[in-house]
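First, one chain by itself: the form predicted alone, in structure tokens.
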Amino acid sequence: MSKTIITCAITGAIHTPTMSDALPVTPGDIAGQAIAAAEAGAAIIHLHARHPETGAPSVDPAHFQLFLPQIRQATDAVINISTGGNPVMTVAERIPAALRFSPEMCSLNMGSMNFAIHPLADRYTRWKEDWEEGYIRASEGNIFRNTFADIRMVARELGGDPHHVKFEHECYDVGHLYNLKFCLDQGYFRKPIFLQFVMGILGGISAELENLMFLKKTADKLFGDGYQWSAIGAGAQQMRIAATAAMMGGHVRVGLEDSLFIARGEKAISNAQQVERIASILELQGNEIATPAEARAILGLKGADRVAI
């Protein structure tokens, strides 16, 4: 069994400041929690930006600039910049930070979907920020756009010269694997590819073990031995899906972007706490945790010396 890569998704664009005091939304908190997660064992740090004054999701390169250099200086972890951004934005609006900083990795969603989080709004009666409730409720009618033309554009802009970004292909349902197979056949990407099975988001596949097995079986059929993979269990299934994925030979992703909890009914106090928990589980079940250098070798990354941070 090869070593297991832990990715930590630090803040995301789903959860809002009201939902957890631990969610990092200021540049200092994002940097501090990212560094602590790397120290706890995360080889890859998956990053979104937030508006420094309101905590709202942001794709402004200037907001990334407020924390990326600090993370880059303090840790050797692989920096992965999301191209997911805000679900109401076009892909062209979501990639300027990746173009500016040329990271080793970027996430890339492999299909359009109704990325719905509106039921979360019913859990709260008071909000810290004016934007939060409307943002959450509007997701009932939003289409998270990732068309074939969008995917081709991102592959062209970031995959080749001068950036040579490795993509974390986020697949929220089985059909997204077939989308990726089409794009691979069209020459948009080259093997080996890195899949991220995203499970438990309303609008995508549910976070059930039989679904994880089916995603893996489908990926084997479509991509043979030309891929690495990881899995996300959003919400309550985070640790269960991660542990099972690692036992199946995959990699894992945790973080406050994907779940605000460390156990049923108990909110996590930090991203590092989640990394420490999954690292402990992995070690108990016999998985060896990859260092950043080992993650770079496993995924075939260009190296930290070729980023523009």
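Computed from a predicted model, the values in this text were never measured in an experiment. From 1 onward, residues are counted along the sequence shown.
Keep in mind that the form predicted in complex with a small molecule is not shown, yet the notes after this line are about it.
Participant: Would you check, heavy atoms only and a 4.5 Å threshold, whether R50 touches the small molecule in the predicted complex?
Facilitator: The answer is no: R50 has no heavy atom within 4.5 Å of the small molecule.
Participant: Just checking whether I201 would be counted as a contact of the small molecule in the predicted complex - the rule being heavy atoms within 4.5 angstroms.
Facilitator: Contact with the small molecule, yes.
Participant: At the 4.5 Å heavy atom threshold, is N109 in contact with the small molecule in the predicted complex?
Facilitator: Looking in the predicted complex, residue contacts with the small molecule include N109, since a heavy atom lies within 4.5 Å.
Participant: Just to confirm, G84 within 4.5 Å of the small molecule in the predicted complex by heavy atoms?
Facilitator: Although the small molecule is absent here, G84 would touch it in the predicted complex, with heavy atoms inside 4.5 Å.
Participant: Honest question, do E104, F194 and E294 all end up within 4.5 Å of the small molecule in the predicted complex by heavy atom distance?
Facilitator: Result no, not one residue of the spot touches the small molecule.
Participant: Quick check on this chain: which one of L23, L301, I14, A290 has a heavy atom within 4.5 Å of the small molecule in the predicted complex?
Facilitator: For this set of options, the contacting one is I14.
Participant: Among 156-164, 214-222, 71-79, 170-178, which stretch has residues with heavy atoms no more than 4.5 Å from the small molecule in the predicted complex?
Facilitator: One stretch meets the cut-off, namely 170-178.
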